[in-house]
Each structure stands twice: as C-alpha cells, then as structure tokens.
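Just the one chain here, laid out as structure tokens, in the form predicted alone.
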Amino acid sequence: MPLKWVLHWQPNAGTTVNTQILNEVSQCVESINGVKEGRWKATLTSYKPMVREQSLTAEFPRDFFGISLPEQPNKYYFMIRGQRLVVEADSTIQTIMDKLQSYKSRVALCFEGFQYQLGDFQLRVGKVVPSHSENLRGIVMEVEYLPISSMEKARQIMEEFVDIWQEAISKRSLPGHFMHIEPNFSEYGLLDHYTPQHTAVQYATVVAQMIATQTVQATRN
C-alpha cells in the first residue's frame, strides 16, 4: 500500500480556520500543477460506552475511535489511543454495534474535499466538519507517495515534498501553517511497511491535536 502522511492546518494564535483558507489551499495545489481527480471522504467517530450505572463509565476507554477510509470501503478501523491499540474489522461491525447498543457515537467528524494527482504524489485536501453540520472545525491534507510503502525509504522524499509545499503555501501569507505529527507507530505494533492502520492512527492523532488546540484557544478567549 502506498505510504501517506496526514497533515493538519495549525492556525496562528488568536485566529481560526475558515473557508477562505481552505479555498486558498486548494488553489495552491492547482498552482503547483496538481490535477483535480474527484472528491473523497473519510469519517471518524468517537464512541462512548452505554452503561446503566454511571460509576462504571471509568472502566471503559475514553478515547475510543472508529474510522472509515475511502481506499478501504469494506473495512472499519478501531483505535484506543490510551492503550495504543488499533484493529481492522469488517465494515458491517458498525451495524452490529448499533444493534448491541454497547457503544454510542459521541461525535462524528467528516473529512471531505478534493483529490489531486501530482506526478508520483496524490494529495487530498479537505475540510473537517461534524456530521450533519457545516461548522468548519479544521483542514486536513493527505500526502500520498505512490511508488513506495516503506516509511523509512520514503522519508527523505516526503520531507522534501512537504518543504516545497510549505514554501508554496507560505507565499500566500495565510494565518497559519500545515503541521505533520508522526505518531510512534511501533507503540501500536505497526512496522515500517505502510498499512491502512497507519492512516487510522494518523487521523486519530490529528483529531486529538485539533481538539487540544481549540481547547487552548477557548481557554485564552
């Protein structure tokens, strides 16, 4: 499977994300000859346990996520960040969970936007919005390098590409920058060879970072 990095937009202190920034980012991809190929969408859900006695809630993990990825339509990925667990399941597990009523969706975030081809790279730029809402919560960007699936072998070319991208975006003088946080994949038992589980862990990390940033900004305000 091709390797990818998931980046997110980090607003400058005192600023927030808006659709103007998203539009500028999309135009920037096209300005470096990215060819628009169509739309993409992923959905990450945070789950909470359904317990009869509230005192039992503490026994269940708080940061329990599930994510559906467009490149794996028949699969669903679960993560518990606190325990560094990630597992792949059949997509029908969502129906089973609904019937069992053991966990309920706390919040669902949709990542959606456009996909671009740029030589050996595939870029996906998208907004982050709660399901059934247009309230913009963030901007994400996937950088996928198609020829290689080894994370270490691809590291240098990925870093060089992201540097070129950061330079292109900086010329637009936007109030923020794209940030790449690489999780410690080995903690999740993931190896150098890239898998969809790597993508799932990256999205959970990005969401945790966005929530932390927005919490800090809300505290300052």
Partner chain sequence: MECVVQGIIETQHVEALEILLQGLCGVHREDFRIHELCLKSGPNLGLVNSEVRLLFDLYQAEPTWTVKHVGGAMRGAGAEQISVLVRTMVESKASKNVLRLFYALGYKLDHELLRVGFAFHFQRGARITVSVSSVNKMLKLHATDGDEAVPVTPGIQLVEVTAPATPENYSEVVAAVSSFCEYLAPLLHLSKPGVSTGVVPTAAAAAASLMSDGGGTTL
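Computed from a predicted structure; not experimentally measured. Numbering follows the first chain given and starts at 1.
Below: the form predicted in complex with the partner chain, not depicted.
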| query | finding |
| --- | --- |
| Check all three, 60, 100 and 103, heavy atom within 4.5 Å of the partner chain in the predicted complex | yes |
| Stretch from 129 to 137, 145 to 153, 106 to 114, 90 to 98 whose residues place a heavy atom within 4.5 Å of the partner chain in the predicted complex | 90 to 98 |
| In the predicted complex, the one of 179, 50, 35, 168 near the partner chain [non-hydrogen atom within 4.5 angstroms] | 50 |
| is_contact(residue 80, the partner chain) in the predicted complex, heavy atom dist at most 4.5 Å | yes |
| Heavy atom of residue 118 within 4.5 Å of the partner chain in the predicted complex | no |
| Contact test in the predicted complex: residue 86 vs the partner chain, heavy atoms, 4.5 Å | yes |
| Residue 194, heavy atom within 4.5 angstroms of the partner chain in the predicted complex | no |
